[in-house]
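We begin with a single chain expressed as structure tokens, specifically the form predicted on its own.
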Amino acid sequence: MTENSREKILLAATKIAQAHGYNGLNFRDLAEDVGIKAASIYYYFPSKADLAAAVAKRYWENAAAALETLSAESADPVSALRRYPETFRWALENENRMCLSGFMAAEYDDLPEAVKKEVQTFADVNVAWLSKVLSAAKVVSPKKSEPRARAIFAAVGGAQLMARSRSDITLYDTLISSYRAAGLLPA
């Protein structure tokens, strides 16, 4: 087994979890997707919980890096806030998938503790980034930035869920536009 095999497993497991959640992850289907024997997955991930925690951790780490890139590539904090919904739209554009952490959060009661921690970290990373950018953009006072950040995170995740349930990315765009018109997101 190689590190490349581990990466292939993580990538395939992420895709499955975005489409079917934690409960949709199974080693047999995953092994088939990767082109290895199911027993080989256990070499890297002794249990489904270990696999899901690694997938969720990688997911929030990638999200954190993407948010920092978004900040760096944006002309100013308001531009970064305007572009934030793109980070959730991407999953819909790719086979009508969901945010992995959003999907797993819906299964929260069934998640092992290690997976719950990583799912919560995804939300925390997004809220912290939004809060920082909201303050930098002077959209709200620093005292009000975290509650606004939580509202934006929940609203964008909710828009993704509604659009996915209808396989209609234009619904996502319409909802994001309505958040802008209502003042939740900068226009």
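In this text, all values refer to a predicted model and were calculated from it rather than measured experimentally. For every residue, the number given is its place in the sequence shown, counted from 1.
From this point on, the text means the form predicted in complex with another copy of the chain, which you will not see here.
J.: Consider the chain as shown here, without its partner, and state which of 38, 154, 49, 66 has a heavy atom within 4.5 Å of another copy of the chain in the predicted complex.
T.: Residue within 4.5 Å of the partner: 154.
J.: Would you point out which of 49-57, 30-38, 144-152, 130-138 contains residues with a non-hydrogen atom within 4.5 Å of another copy of the chain in the predicted complex?
T.: It is 144-152 that comes within 4.5 Å of the partner.
J.: Would residue 106 count as a contact of another copy of the chain in the predicted complex, using a 4.5 angstroms cut-off between non-hydrogen atoms?
T.: Residue 106: yes, in contact with another copy of the chain in the predicted complex.
J.: With heavy atoms only and a cut-off of 4.5 Å, decide whether residue 81 touches another copy of the chain in the predicted complex.
T.: Answer no; every heavy atom of residue 81 is more than 4.5 Å from another copy of the chain in the predicted complex.
J.: Although another copy of the chain is absent from this view, report whether residue 26 comes within 4.5 Å of it in the predicted complex, heavy atoms only.
T.: No, residue 26 sits far enough from another copy of the chain in the predicted complex that none of its heavy atoms falls within 4.5 Å.
J.: Is the gap between residue 70 and another copy of the chain in the predicted complex 4.5 Å or less for some heavy atom pair?
T.: So residue 70 does not count as contacting another copy of the chain.
J.: So which bits of 86-124 sit within 4.5 Å of another copy of the chain in the predicted complex, heavy atoms only?
T.: The stretch touches the partner through 96, 98, 102, 103, 105, 106, 107, 108, 109, 110, 120, 123, 124.
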